[in-house]
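The chain that follows stands alone, in the form predicted alone, written as structure tokens.
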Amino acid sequence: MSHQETPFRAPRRLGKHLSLTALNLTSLGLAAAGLVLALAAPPAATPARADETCQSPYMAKITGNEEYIYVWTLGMEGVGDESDKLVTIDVRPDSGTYGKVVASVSVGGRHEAHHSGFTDDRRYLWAGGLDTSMIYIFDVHTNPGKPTLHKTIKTFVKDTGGAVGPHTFYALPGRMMITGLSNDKDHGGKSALVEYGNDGAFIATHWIPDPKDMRGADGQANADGYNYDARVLPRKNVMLSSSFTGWSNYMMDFGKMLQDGEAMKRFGKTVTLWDLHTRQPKQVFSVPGAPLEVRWAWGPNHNYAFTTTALTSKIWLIKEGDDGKWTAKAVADIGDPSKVPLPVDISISADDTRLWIDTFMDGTARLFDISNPEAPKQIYQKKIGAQLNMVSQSWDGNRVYFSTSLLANWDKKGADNEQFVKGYDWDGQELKHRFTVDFIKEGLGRAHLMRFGASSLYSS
């Protein structure tokens, strides 16, 4: 792996005297990584924490209430300027514009806007297009209520040696880990993990193991080379990557794809375990049905993560056993799998007792009790809209936000093509609606990924 020493800007709440680099962390090994995790992931009982629970443990955390939601939004033909854009919604509780759009910056054209992620210092938000492989870097620290486009990376495919479709943007010290969903050879699902420095300079490509090139990993019979999400557990020196499908499928009309037998064979069925520091793949697990988002538990002794499978509607647990070996197994159904509710985004609570799961086809949010990770149990559900995709919850679990778009060619047609962001309060028993932003009525497009912002992160 190519290592480039890049500065790790200490999050503000870690104090002014912490100075580490990406190379330092690799050299110091698990002890240093564990220290950063411990500092960056405070106990869930701390009432002041308000950040999303799915963020990188290396990243600066919001204290107090989140103030803005940055929504990476797909341009929609015939709606507004028809371009992809970053939309800012004000969620300051006492603001006169609470629950309203206060800023929008278009990037020009439609690139299949999908996911986004902050740098470790949270000063910049990276966002990508699954179709054109463009990456847009927004300045969110100069004026958090009005982000600006800082830099555009147009060379992702060339830089990476053929990876296509930048998806997950995940902060590591001084650098960004990006998952690709496809490749430029056959537009299938074989792809890679990619690293860039916070300055936008390419660092390295790490191809997902496939049967012809396992890269030293075990599990050849399972391997498919597919990619989707990536998440890390620094204190155990592990990273997990999941799998989905390639460009030829995610850019196809959803109804047409469902009727295409060959297309339906082109979905991922693996989760890969990596050595975090060396980026060496160690083991490929069989997880059939297109495992999507990966979410690690936060507890200091909780050595496990969850993912859900879009096509088979199951919750999977990836866990380290007492013998140090990692396993993957299905532990619960989501709704009625025979009806293919299509689970999409998930969000784990900071105390590792609850898991929100959105299902696209029925527009429903389900809450599972995961106190026993081996046996999740659904305890609540609510229909949010005709279709539903992303979910973000505050660190204290008191606020939950939902958005709608899955992919431009997969979203529902006609009246069911609802495009919104909705905010709710969660009192432990019921979701209580606070606001709705109708993205079509506002001339914005298709609402996809949400990220929290706050001015307090940058105050002196």
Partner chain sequence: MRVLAAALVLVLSAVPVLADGTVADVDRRALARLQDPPLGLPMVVPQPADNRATAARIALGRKLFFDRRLSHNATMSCAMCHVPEQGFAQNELATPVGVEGRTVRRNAPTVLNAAYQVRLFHDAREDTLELQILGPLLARNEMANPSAGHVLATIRAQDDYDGLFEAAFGEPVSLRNLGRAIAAWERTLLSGDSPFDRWRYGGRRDAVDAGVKRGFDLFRGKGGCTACHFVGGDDAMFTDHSLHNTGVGYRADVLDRRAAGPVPVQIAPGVVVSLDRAAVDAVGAPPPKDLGRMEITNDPDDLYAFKTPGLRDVALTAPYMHDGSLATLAAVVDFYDRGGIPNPNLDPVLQPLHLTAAEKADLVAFLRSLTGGNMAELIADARSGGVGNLTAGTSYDREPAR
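Numbering follows the first chain given and starts at 1. What you see is a predicted model; the values in this text were computed from it and never measured.
There is another form of the same protein, the form predicted in complex with its partner chain; it is not shown, and what comes next is about it.
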* To do: Specify the contacting stretch among 90-98, 347-355, 371-379, 333-341, defined as having any heavy atom within 4.5 Å of its partner chain in the predicted bound form.
  => 333-341
* Report yes if any heavy atom of residue 270 sits within 4.5 Å of a heavy atom of its partner chain in the predicted bound form; otherwise report no. => no
* Counting only non-hydrogen atoms and a 4.5 angstroms cut-off, does residue 183 reach its partner chain in the predicted bound form? -> yes
* Asked: Do residue 359 and its partner chain share at least one heavy atom pair within 4.5 Å in the predicted bound form?
  -> no
* Is there a heavy atom of residue 247 no more than 4.5 Å from a heavy atom of its partner chain in the predicted bound form? -> yes
* Among the candidates 315, 178, 164, 318, the residue which, in the predicted bound form, approaches its partner chain to within 4.5 Å (heavy atoms) -> 164
* Just one of 143, 327, 155, 220 has a heavy atom within 4.5 Å of its partner chain in the predicted bound form. Which one? -> 155
* **Partner contacts for 240-275, taking its partner chain in the predicted bound form and a 4.5 Å heavy atom cut-off** => 247, 248, 249, 251, 252, 253, 254, 255, 256, 258, 259, 260, 262, 263, 264, 265, 266, 269
